[in-house]
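Starting off, we have a lone chain in the form predicted on its own, written out as structure tokens.
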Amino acid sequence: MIRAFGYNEFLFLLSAVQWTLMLSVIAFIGGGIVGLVVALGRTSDVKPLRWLSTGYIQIFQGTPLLMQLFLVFFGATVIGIDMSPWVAAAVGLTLNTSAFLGEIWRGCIQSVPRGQWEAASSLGLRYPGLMRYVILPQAVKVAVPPTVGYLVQVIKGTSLAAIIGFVELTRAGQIVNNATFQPFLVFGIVAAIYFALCWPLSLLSQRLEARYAAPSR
């Protein structure tokens, strides 16, 4: 039975926002941890680490996120692991996010002037100390704006989790639309909610970029 779009349907959409945000936070934090390891591997002096990190990035950047979610969700079943859509979405988004953040941070690390690397090495600092005390503190300032900007992509990327059955904002929109048959209204509201989540982050990224770029002018 078709029903009209009302207050309860709107509240259902709003309640799904918490799952979109929770999935985004998990993917961003988990992706950040793995991404830092990948970035350090990409800038390491050890060739096997560089090769592994480069391959990892190319695999996840070179394949669609949707396919990665499918492989995690259905692949787990093939090998006998009962994985819920929630866990599969978190794992898939974390792996994808880590590859992109790893490459972003690799560029930020390598943007530190070569003279800083050479000066630290001349003082006898090995790679761990070099990164901890000299390179990473400078790279962080460069990394903040694009990292915040990429968080917008993570939030929008969570919409693909609807394909494997995880009920976040997009999936909630599909459920409401199936009950009301008002796609323009329902998905218009869903799009407006995504915009309300992402637009402030985009503004923050622009302001951070201007702030950190100002001293170098």
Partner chain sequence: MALATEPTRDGVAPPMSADVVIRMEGVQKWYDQFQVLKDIDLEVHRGERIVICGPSGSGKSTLIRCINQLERHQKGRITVNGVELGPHHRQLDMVRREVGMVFQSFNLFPHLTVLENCMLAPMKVRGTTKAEAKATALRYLERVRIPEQAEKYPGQLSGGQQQRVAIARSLCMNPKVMLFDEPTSALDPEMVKEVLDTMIGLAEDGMTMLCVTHEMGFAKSVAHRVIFMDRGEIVEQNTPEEFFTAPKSERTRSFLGQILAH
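Numbering follows the first chain given and starts at 1. This is a predicted model, so every value here is computed, not measured.
The following text describes the form predicted together with its partner chain, which does not appear among the structures shown.
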item: Contact flag, A120 vs its partner chain in the predicted complex, heavy atom cut 4.5 Å; value: yes
item: Touches its partner chain in the predicted complex: Q116 (any heavy atom, 4.5 Å); value: yes
item: Interface membership of V144, its partner chain in the predicted complex, 4.5 Å heavy atom rule; value: no
item: 4.5 Å heavy atom contact, Q138 and its partner chain in the predicted complex; value: yes
item: Contacting member of V91, M83, I104, L125, with respect to its partner chain in the predicted complex [4.5 Å, heavy atom]; value: L125
item: Residues from 152 to 178 in contact with its partner chain (non-hydrogen atom within 4.5 Å) in the predicted complex; value: none
